[in-house]
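Shown here is one chain on its own, the form predicted on its own, set out as structure tokens.
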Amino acid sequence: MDPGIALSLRDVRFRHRNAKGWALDDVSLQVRRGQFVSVLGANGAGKSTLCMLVNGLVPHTVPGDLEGVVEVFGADVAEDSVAKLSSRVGMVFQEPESQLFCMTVEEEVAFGPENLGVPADEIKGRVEWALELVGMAGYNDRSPFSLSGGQKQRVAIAAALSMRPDILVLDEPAYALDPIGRVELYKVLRELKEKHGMTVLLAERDAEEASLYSDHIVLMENGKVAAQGPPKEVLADPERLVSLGISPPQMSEVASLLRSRLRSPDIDFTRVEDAERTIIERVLPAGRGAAR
């Protein structure tokens, strides 16, 4: 396996025990080291199952039939235990409360390394490092349950980071957060990727932030990959995204409107700065011409 590949799925199918249909059906994708990859789809599209495959919960804890090959940094998920994979894969779930159970933030972040038998001095260093990364330094003695939703999610990320994983997997982590919490969360993820080279795999239903932070987008529908590629290409059609149960980025909707109004099929953007440049170059000259 190419050492630059963090995650590889080849012709993967998974069916939960006693289920008739496949939760994942012929899924193939690759995630390179240091990439930020977003998996978008409606409820039931297969996003959560895909996330659980990466850290081994599927098939070791969630029983079912697995076909194809799933490799994390060259290791076959079907052969490695969840405990072994946890040292390389950090997992953050939709509801931070489902992961938080210690009395203080420090105990929460230290829990994973302690269970691995990491020396106390190193655990202390890992806790401080992880809390600093997520902007929660100084919260060591606070109860996790006294924090805001965004802060709880950052503590959950810090707990995953204290294991020093090579890839961070997040299953709809912003679902229950308010707008401020979402901004806080994605700021942390962007810094982890840009400043620390962290590989990020994110499952989401809303394409707004995915369009801003992702290197690669995977659209899923009924357990299948409907499309994948750069955000600018995959998120260009808002109507298709809505049909897949995905909230399209506002800039994609603006681009679609301009394509229709100006009859210019090549107009394509998902970022504000690209929209501004397009309007300056294409829309304003057209308006001045009409005025004459």
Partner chain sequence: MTGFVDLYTEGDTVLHRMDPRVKIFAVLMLTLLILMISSLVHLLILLAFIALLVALGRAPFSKVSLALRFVLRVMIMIVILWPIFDPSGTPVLATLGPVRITEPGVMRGITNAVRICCLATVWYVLMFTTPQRDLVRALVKLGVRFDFGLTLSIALRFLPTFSATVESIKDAQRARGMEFDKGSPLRRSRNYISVLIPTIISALRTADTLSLALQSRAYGARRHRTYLRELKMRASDGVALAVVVAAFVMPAVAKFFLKVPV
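Residue numbers count along the first chain shown, from 1. What you see is a predicted model, and the numbers here were worked out from it, not measured in a lab.
Only in words, not in the display: the form predicted in complex with the partner chain, which the text now covers.
Q: Heavy atoms within 4.5 Å of the partner chain in the predicted bound form: which stretch among 208-216, 187-195, 174-182, 77-85?
A: Of the stretches listed, the one contacting the partner is 77-85.
Q: If you check in the predicted bound form, do N55, E106 and A120 all have a non-hydrogen atom within 4.5 Å of the partner chain?
A: The answer is yes: all three residues contact the partner (heavy atom, 4.5 Å cut-off).
Q: Can you pick the one in I167, L133, L170, A110 that has a heavy atom within 4.5 Å of the partner chain in the predicted bound form?
A: Partner contact (heavy atom, 4.5 Å) among the options: A110.
Q: How about A137 - does it come within 4.5 Å of the partner chain in the predicted bound form, if we only consider non-hydrogen atoms?
A: Although the partner chain is absent here, A137 would stay clear of it in the predicted bound form, with no heavy atoms inside 4.5 Å.
Q: Report yes if any heavy atom of T199 sits within 4.5 Å of a heavy atom of the partner chain in the predicted bound form; otherwise report no.
A: Answer no; every heavy atom of T199 is more than 4.5 Å from the partner chain in the predicted bound form.
Q: Does Q99 make contact with the partner chain in the predicted bound form, using a 4.5 Å heavy atom cut-off?
A: Looking in the predicted bound form, residue contacts with the partner chain include Q99, since a heavy atom lies within 4.5 Å.
Q: In the predicted bound form, is there a heavy atom of the partner chain that lies within 4.5 Å of any heavy atom of G150, even though the partner is absent here?
A: Heavy-atom contact with the partner chain at 4.5 Å: absent for G150.
Q: For the stretch 130-167, I need every residue with any heavy atom inside 4.5 Å of the partner chain in the predicted bound form, listed N to C.
A: Heavy-atom contacts to the partner chain in the predicted bound form: D141, P144, F145, A159, M163.
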